[in-house]
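Take a look at this single chain, the form predicted alone, given in structure tokens.
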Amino acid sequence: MIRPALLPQPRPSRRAILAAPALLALGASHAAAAERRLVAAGGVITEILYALGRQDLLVGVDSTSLHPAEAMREKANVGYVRALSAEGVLSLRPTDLLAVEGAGPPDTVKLIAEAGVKVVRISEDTSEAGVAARIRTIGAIADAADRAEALAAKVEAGFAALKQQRDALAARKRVLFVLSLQNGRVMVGGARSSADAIIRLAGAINAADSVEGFKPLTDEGLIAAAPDVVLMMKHNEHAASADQVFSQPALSATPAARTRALVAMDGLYLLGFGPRTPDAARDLMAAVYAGPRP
């Protein structure tokens, strides 16, 4: 009887020999990736990682990670992006903290870095180039450069199609983004804010461009802004109905009040500046230019 160990073994093919180093490298890459544990501080980071299919690297997300919905169900919640706790993040034993520029507090992020966690700041550039660059940056971090390149190219094509729609608009409407109505104070999105960027992408004029960033606007400023449309976020603590918005004395004197032109959109979809931004701007454009309301 011939023992199996003495049987002649088949020789590996030339193709298998040539492919071996690449397979070994790929295996090492996957092994390294499997050891990584990412925490995302910023909903757009979570959204991009899920879009790239690299959510397996995530062990924690912040409370603004509302898309996709499974993120908050599947991952540990480390709290609000601007109010992180070092204990909460470090308890997840992360290797990397991917944080948008506004994530903090700064002392907390410093403590996390001093504990040996690699902190990577992700730009909040709201330009079209900035959105594509953010996708590519996160893709490189997540060992998904090819998928990121494909996604970024799709987003760039979406922006190009959106520009054609903007160029076809006969006239531009004035849109006022209202962040909140608290104690009669109207907080608006001024120039250089994320609201300003999405309004411009949608082919409209930011009616609050007399101020910079998110700031309260006086009654005189609101009347002078003369918005045709008021834009707000829905499903958050600052959401308001048309009755609530246009009962504000200054807002009741605007062109938007005459047609009760209030557009409410999901906050992360509207202001996240991730892969869905061309669609969000297109939806906003459709809502703004839908015509007078009954």
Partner chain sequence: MAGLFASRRRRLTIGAALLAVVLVLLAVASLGSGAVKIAPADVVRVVTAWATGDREALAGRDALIILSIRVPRLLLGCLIGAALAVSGALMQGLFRNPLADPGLVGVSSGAALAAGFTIVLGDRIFGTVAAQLPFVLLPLGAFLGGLASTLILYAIATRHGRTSVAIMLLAGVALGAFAGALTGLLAFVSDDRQLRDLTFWSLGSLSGASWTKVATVTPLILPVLLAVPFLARGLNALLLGEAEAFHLGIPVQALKRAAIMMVAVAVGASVASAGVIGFVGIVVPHLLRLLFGPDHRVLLPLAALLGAILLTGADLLARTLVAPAELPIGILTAAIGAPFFLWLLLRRDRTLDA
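All values derive from a computational prediction rather than experimental measurement. Residue numbers count along the first chain shown, from 1.
One more form of this protein exists, namely the form predicted in complex with the partner chain; it is left out here, but the text below deals with it.
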Legend entry - Arg82, Ala115 and Pro216 each touching the partner chain in the predicted complex (heavy atom, 4.5 Å): yes
Legend entry - The unique member of Met72, Leu90, Ala152, Leu162 whose heavy atoms fall within 4.5 Å of the partner chain in the predicted complex: Leu90
Inset, instruction - Could you work out which of Ser127, Asn77, Ser210, Thr95 is the residue within 4.5 angstroms of the partner chain in the predicted complex, going by heavy atoms? - result: Asn77
Legend entry - Interface segment, criterion being heavy atoms within 4.5 Å of the partner chain in the predicted complex, picked from 102-110, 133-141, 164-172, 201-209: 102-110
Legend entry - Partner contact for Ala86 in the predicted complex: the partner chain, 4.5 angstroms, heavy atom: yes
